[in-house]
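Only one chain comes next, encoded as structure tokens, the form predicted alone.
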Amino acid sequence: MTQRAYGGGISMVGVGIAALLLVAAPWVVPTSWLLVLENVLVLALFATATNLLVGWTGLVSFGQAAFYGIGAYTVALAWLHGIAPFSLAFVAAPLIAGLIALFTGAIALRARKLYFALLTLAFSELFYVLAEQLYDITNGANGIFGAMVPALLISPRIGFYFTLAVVMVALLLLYRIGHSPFGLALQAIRERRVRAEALGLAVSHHELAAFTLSGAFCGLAGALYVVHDQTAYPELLNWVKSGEPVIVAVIGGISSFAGPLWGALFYQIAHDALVALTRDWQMALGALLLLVVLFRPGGLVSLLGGREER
């Protein structure tokens, strides 16, 4: 069996070219495509943060949308109730999401494999129901809409650059985490949990730390969603939303840091194209996911020169 260390499939040349193209995009592409690229950036961060559990640690979670939605609601509620300005709420979003992830992870990680996944799904549904029923606080199923970001960020070009800068910094931090001793410990836990524990690793503490970090970065992605859409609604916390970053990571390649990035680009473009063509776009995307899992389990990165895990 050939194993591949997490973090491959990405080069400094590729990163440089991608960065240059993104910086030039607002001056080249129309506004409609600029908004699509902004969606891709947010989805890429969401998927990469989720892949911290799936790809790094081997923990499949269907509750990351809870933290994504909490990040969005932190910004939206601060504006709706006049609690704090946008800048403070934006900084608080990943911190609050990470703190809630710490408490929920401490409970969910008592279970293993399928039961862990089901517990994370249950927490996601719990927060979804709370967002719907606490009408006096969250506006219930109607959601929160309004000019909740500074006027400067309403400009598509400036909003895009703001999102790009935040996503690039967040992805750099995630990359550094993956290549740190902590990231290597997570890979060891993913491959042989019992052996890692026998070697002296505090497995439960590492898993909880990974869950907390993933929740914090998912919360940051949710806050960036508000910059783009200026809305927060209960479906952002639904377990169905949690499946989206997992699908993106699988399509791109969960064994590579670049996998969720390529997956986000492909998924968003395919999603928009299929929605315009058919009402059964979910079926088409499901068929695509099935083909990837069966015939190219290494994802898109394996088509771009990366070695596939066998």
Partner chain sequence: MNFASVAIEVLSALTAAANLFIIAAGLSLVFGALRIINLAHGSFYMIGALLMASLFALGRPEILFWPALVLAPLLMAGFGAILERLLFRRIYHAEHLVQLLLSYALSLMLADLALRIWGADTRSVPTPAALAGVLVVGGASFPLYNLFVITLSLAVGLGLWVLLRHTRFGWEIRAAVEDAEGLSLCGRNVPALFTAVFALGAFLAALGGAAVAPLQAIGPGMDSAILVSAFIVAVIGGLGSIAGAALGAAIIGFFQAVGTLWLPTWAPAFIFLAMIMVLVIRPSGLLGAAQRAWAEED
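Numbering follows the first chain given and starts at 1. Every value quoted in this text rests on a predicted model; they were computed, and no experiment measured them.
There is also a form predicted together with its partner chain; it is not shown, and the following applies to it.
Among heavy atoms of Leu289, some come within 4.5 Å of its partner chain in the model of the complex. Among heavy atoms of Val60, some come within 4.5 Å of its partner chain in the model of the complex. Under a 4.5 angstroms non-hydrogen atom cutoff, its partner chain in the model of the complex lacks Leu77 among its neighbouring residues.
Looking at Arg192, you'd find a heavy atom of it within 4.5 angstroms of its partner chain in the model of the complex.
Note on the partner interface in the model of the complex: the residue among Val149, Ala170, Leu119, Leu208 having a heavy atom within 4.5 angstroms of its partner chain is Leu119. Contact with its partner chain in the model of the complex, defined as a heavy atom within 4.5 Å, holds for exactly one of Ile158, Val129, Val91, Ala202, namely Val129.
Contact annotation: its partner chain lies within 4.5 Å of heavy atoms from the stretch 281-289 in the model of the complex, the single such stretch among 257-265, 281-289, 66-74, 40-48.
Contacts of stretch 232-246 with its partner chain in the model of the complex, defined by any heavy atom lying within 4.5 Å, are made by Trp239, Val240, Val246, listed in sequence order.
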